[in-house]
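Only one chain is included here, represented as structure tokens and corresponding to the form predicted on its own.
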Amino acid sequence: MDLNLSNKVFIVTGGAKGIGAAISKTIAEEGGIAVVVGRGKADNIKITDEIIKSGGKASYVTAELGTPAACREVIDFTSEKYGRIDGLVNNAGINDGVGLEKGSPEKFFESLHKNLSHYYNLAHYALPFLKQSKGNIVNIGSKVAVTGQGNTSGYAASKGAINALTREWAVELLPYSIRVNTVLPAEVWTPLYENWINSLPNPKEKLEQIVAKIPFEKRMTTAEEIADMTVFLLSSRSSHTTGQILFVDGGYTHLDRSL
């Protein structure tokens, strides 16, 4: 299936590692141009070089996305280099463990700012270019917004807000034929996930417990499976899909885990 992404330009935040890296690579494999945005220059260079050596097209922006100015720089770089923006993938974020009991009002606000503000800021600054291209936005969320997790109020609130903004933006941007959707992962094996597992007292046992509760094939979702859905939503092959929150999780969120 041709996704019609040839030479179209897509910004991917957190695009150098984990789910973001898989999305960047898949965009390039489908003929699109991936603009990788991340805080680590070495990681950005590595993934961009990998894409180019494989015959794809990519560039990168090293940025801390905590300020509106940094978000504006990402959009300015992309628009000046390519003259267009066809899609924005809001992916960057971290489950920082700011809970109700083990947290504070200050840390909660910081978590919201860290995990949410750049989703809005990048969409705001990209909007004039998305209007021109009739492009679209794909937000990467989390099952935590639906299930809760415990001890992560800031992250859960941010991801819940992302679900709400997806529907809000889908409505607001209807007149411009700009589509907005969210892909919602559950248990995905990424470098961050591996670091978290390895920080626990019995990592192997904990991982086995988690995997046993994933209904479909008793395995974790791969970053590539998240990427495939994301890139499909970016493409014209999903041209009448907007305002949707799609769960790519092997049934983890909704199916009976006793299965």
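For every residue, the number given is its place in the sequence shown, counted from 1. Note that the coordinates shown come from a computational prediction; the quantities given were computed from them, not determined experimentally.
Omitted from view is the form predicted together with a small molecule, to which the following refers.
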Of 92, 123, 173, 156, the one that lies within 4.5 Å of the small molecule in the model of the complex (heavy atoms): 92
Work out which of 217, 208, 49, 64 lies within 4.5 Å of the small molecule in the model of the complex, going by heavy atoms. 64
Does any heavy atom of residue 25 come within 4.5 Å of a heavy atom of the small molecule in the model of the complex? no
Can residue 213 be called a contact residue for the small molecule in the model of the complex at 4.5 Å between heavy atoms? no
With a cut-off of 4.5 Å between heavy atoms, is residue 165 one of the residues that contacts the small molecule in the model of the complex? no
Would you check, heavy atoms only and a 4.5 Å threshold, whether residue 142 touches the small molecule in the model of the complex? yes
All of 19, 187 and 191 within 4.5 Å of the small molecule in the model of the complex, heavy atom check: yes
Among 125-133, 98-106, 174-182, 84-92, the region lying within 4.5 Å of the small molecule in the model of the complex by heavy atom distance: 84-92
